[in-house]
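Below sits a lone chain in structure tokens, taken as the form predicted alone.
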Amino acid sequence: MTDLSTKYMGLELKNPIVVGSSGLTKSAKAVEQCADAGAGAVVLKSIFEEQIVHQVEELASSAGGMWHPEADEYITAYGRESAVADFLELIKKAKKSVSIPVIASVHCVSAGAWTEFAGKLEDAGADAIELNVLNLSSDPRLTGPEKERVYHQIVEAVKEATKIPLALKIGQQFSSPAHVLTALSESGVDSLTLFNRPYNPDFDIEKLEVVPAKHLSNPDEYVSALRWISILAGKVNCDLAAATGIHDGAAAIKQLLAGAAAVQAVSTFYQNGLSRLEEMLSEIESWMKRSGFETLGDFRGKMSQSQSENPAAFERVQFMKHSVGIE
């Protein structure tokens, strides 16, 4: 018998496949469907920091700004409460409907006033929180360290307000990813999820309008996370989870071999339905049986850089004929 169970951020998962934050986890019913399909855990559809800020600004605008300072304080607090009420209800309902871990997700850009509600996510029953942070370095006046400091400030604020495990889902656009990711692993987070998928603009050349670029990943994109999980495995002070481009069991196996504790998938479920999840698990089980592995621990990290006979292969960035087989 193969055992697919894993421990992620201290949470017991029956298998390593997590349905990532998306429309697939936007309701308690949707979460129940993910659980029925065999998910090891789910990350709820994110609440955005901008939603909370917008709710407060909208209330302030409708009142015309004509109130006593104490009323100002009250209506600001009310606006924030109202903005997160539906999300808190989603957590409560999801926890009642499934037995697998339910992870709350917040898409944030700052350590602003929204962090005072992080504790409410825990009170609502969330098993963990995933902070999805991607700050585009578009301001030429800000240095790399100044931008990176924001990540630490967000983690510090949320850790102060909660006791449940905390994951940080981030992008890879840092001047020194190994340094930044290692430092973040020591900031108190329980996991680093590599990597989030940013919104990108595209152009409609007929209408001359800015439109969203393709939002679903393709199966080739798993290699970015594979490289960095391989490099960081065994060197960071937290778990690692892989995300983006994981469309089948083979891609999930590769991330586990690299050292991931869990893998997140979304796009393949949109394209193939949640039945794809069972297929992925079956592919992992079949491979484990063929390879003589009984548990994930038997092979997790087996192909990480620290265990490789050719560690330089993980740091090559230029194509060469002998390494890729093309001129």
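Remember, predicted model here, so these are calculated numbers, not experimental data. Each residue number is its position in the shown sequence, starting from 1.
As for the form predicted together with a small molecule, it is not shown, yet the points below apply to it.
- Contact with the small molecule, judged by heavy atoms within 4.5 Å in the predicted complex, is confined among 210-218, 148-156, 184-192, 227-235 to 210-218.
- The partner is absent here; in the predicted complex, the one residue of Gly245, Gly171, Pro177, Pro165 having a heavy atom within 4.5 Å of the small molecule is Gly245.
- Taking non-hydrogen atoms only, Asn132 approaches the small molecule to within 4.5 angstroms in the predicted complex.
- In the predicted complex, the small molecule sits beyond 4.5 Å of every heavy atom of Gln33.
- The small molecule in the predicted complex comes within 4.5 Å of a heavy atom belonging to Ser22.
- The small molecule in the predicted complex is not approached by Ala261, whose heavy atoms all lie more than 4.5 angstroms from it.
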